[in-house]
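Given next, in C-alpha cells, is a single chain: the form predicted on its own.
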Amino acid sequence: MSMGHHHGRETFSSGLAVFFATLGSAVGLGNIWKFPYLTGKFGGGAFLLVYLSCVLLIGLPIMLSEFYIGRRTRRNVVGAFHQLAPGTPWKGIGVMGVSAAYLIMFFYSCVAGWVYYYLFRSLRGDFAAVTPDLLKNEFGAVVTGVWTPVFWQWVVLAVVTAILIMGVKKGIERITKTLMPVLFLLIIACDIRALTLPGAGEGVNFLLHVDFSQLTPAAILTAMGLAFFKLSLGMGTMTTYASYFTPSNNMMATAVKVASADTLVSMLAGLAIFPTVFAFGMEPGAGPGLLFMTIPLVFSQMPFGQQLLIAFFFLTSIAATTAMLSLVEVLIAYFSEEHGVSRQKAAIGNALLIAVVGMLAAWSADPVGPLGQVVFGGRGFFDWFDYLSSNILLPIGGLFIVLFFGYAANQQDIIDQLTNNGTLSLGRSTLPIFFFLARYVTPALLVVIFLNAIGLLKV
C-alpha cells in the first residue's frame, strides 16, 4: 500500500521535527492560563486524572484519525477528503476545517497581539514599579484602544506570514524545533523561581491536591472539552501537518508524545503561575486577566522579576505564534493545492484577509472598545468568532473526522498506515482498541461536548 508520497511536496525532515511542529500546533495560550486554572478550580490531581482519561478516549482517537487522513493523502484538508471519498459529502469536513481556521484566526490573532504588546512593554522595563490600578488601565488601553490592538495584531500576522513563506522545512520546522525547547527552558526557569518564593506551597497545593469532591458533572464536562479543544483537533491543523510527516513516522507514538508533552507544558505553566500568585496573595481565578494584570504585578515585586517577566511573555508569545502557524498553514495548503496559488501569495493574501476581518474582533473585544456596543444575538464580533469556531465547527468537525475514520475509511488501509505497512508491531495490537473508541466511545462523548458547548446540556 502506497504511503501516498507526492513527488516534489515538502515533508518534515525527521521524527523530532514532526514532534516539535505538532506540539507547537497543540500548545497555545490555553496551556499557559486556562488549563492550570481549571485544574486548580476543579479538584487539582483528581481533575487531572479525569482529563488524562478523556485524552485517551477523545483526544488520541481524533488525533490518529487526522494523522491517518493527512499522511495517507499527502494533501490539504479539503483535498484529502476529495481523494479518500470522491463525490461524497465527506468533503464538507475539509470545508469546515478551513472555515474554523479563519474564524479562530480572526480573534486569536487579536489576543496574540496583546501578548506581543506585553512582551514589548516588558522588554522596555515598563512594569518595574506597577500598581494594580496602573495595570488595569494598561490592559484597558491595549484592549479598548483604536490602533494599538490592531497594530500588534498586524505585527503578529507579519511574523507568522514571514515564517510560513519560508516553507515547511525552512519555516515551520526550523522555527518550531528552535522555539519549543526554548519554551520548555523558559517555563522551567520561571518554575524554579516561583517555587522558591515564601508561601509557594499553597499554590502548588491549589494545582495538585487531589479532591474528588470537586469532580462535579461540570468538572467532568470541562475535562472532556479540554481534552478535545486543547490539542488543536477538528480544525484541519493535524491533518495538514500529518500530510508533511515522514513515511517512517510512528504516528501512534507521535500522538501519545504530543498529548503527554502538551499536558506537561500546561502543568509546568501552572507551577510558574500559581505559587507566585498565592505567595503574593492574589486571586487565582482572575481569568484571562491573570495573564495580563496579575503576572506583571507579581513579577515586578520579586528579585529578577524583570527578567522573569520578559521570559514569561516570550514563552507566551511562542505558544501563540506556533499555534497560529498551524492554523494559517491549513489555509495556505488549501489555496496552493486546490487553487494553484503560489505559497507566497496564499500566505500574504490570507494574512491581509485575517488582518482586515480581525480588526472587527480587536475593536469588539471589550464593551467600551470602538465596536464594543455592536452586539447581535447577545454577542459581539470577537465572541461570535470564538463561539462559532469553538462551540460549533470544532466539535462537529471532530465528530465527522472520527466517524469517517471509524466507518467510511478502508480499515486495511488504516492498519497499513498506522503500522507503517506492518513494520510497527505496537500498532497491530492497539488498533482494535482505537477502532472501537472511534466507532462508539469518542463520537458519543463528542456529542456530549457539543451539546454542552451550545448550552443544551444543563449541569
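We call the rigid core the largest set of C-alpha positions that still match within 1.5 Å between the two forms. Every value quoted in this text rests on a predicted model; they were computed, and no experiment measured them. Numbering starts at 1 and follows the sequence shown.
There is also a form predicted together with phenylalanine (PHE); it is not shown, and the following applies to it.
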field: Tyr108: touches phenylalanine (PHE) in the predicted bound form, heavy atom cutoff 4.5 angstroms
entry: yes
- prompt: Just to confirm, Ile104 within 4.5 Å of phenylalanine (PHE) in the predicted bound form by heavy atoms?
  reply: yes
task: Could you confirm whether Gly59 comes within 4.5 Å of phenylalanine (PHE) in the predicted bound form, counting heavy atoms only?
output: no
message: Can you work out whether Gly28 and phenylalanine (PHE) are in contact in the predicted bound form, taking contact to mean some heavy atom pair no more than 4.5 Å apart?
response: yes
task: Could you tell me which stretch in 306 to 314, 229 to 237, 366 to 374, 195 to 203 has residues with non-hydrogen atoms within 4.5 Å of phenylalanine (PHE) in the predicted bound form?
output: 229 to 237
query: Which one, Met251, Ala346, Val258, Leu327, lies within 4.5 Å of phenylalanine (PHE) in the predicted bound form by heavy atoms?
result: Leu327
- prompt: With phenylalanine (PHE) left out of view, which of Met96, Leu291, Ala323, Ile163 would have a heavy atom within 4.5 Å of it in the predicted bound form?
  reply: Ala323
- prompt: Rigid core fitted, then: does Pro395 show a CA shift of 2 angstroms or greater between this form and the one not shown?
  reply: no
message: Relative to the superposed rigid core, does Phe229 relocate between this form and the one not shown - that is, does its Cα move 2 Å or more?
response: yes
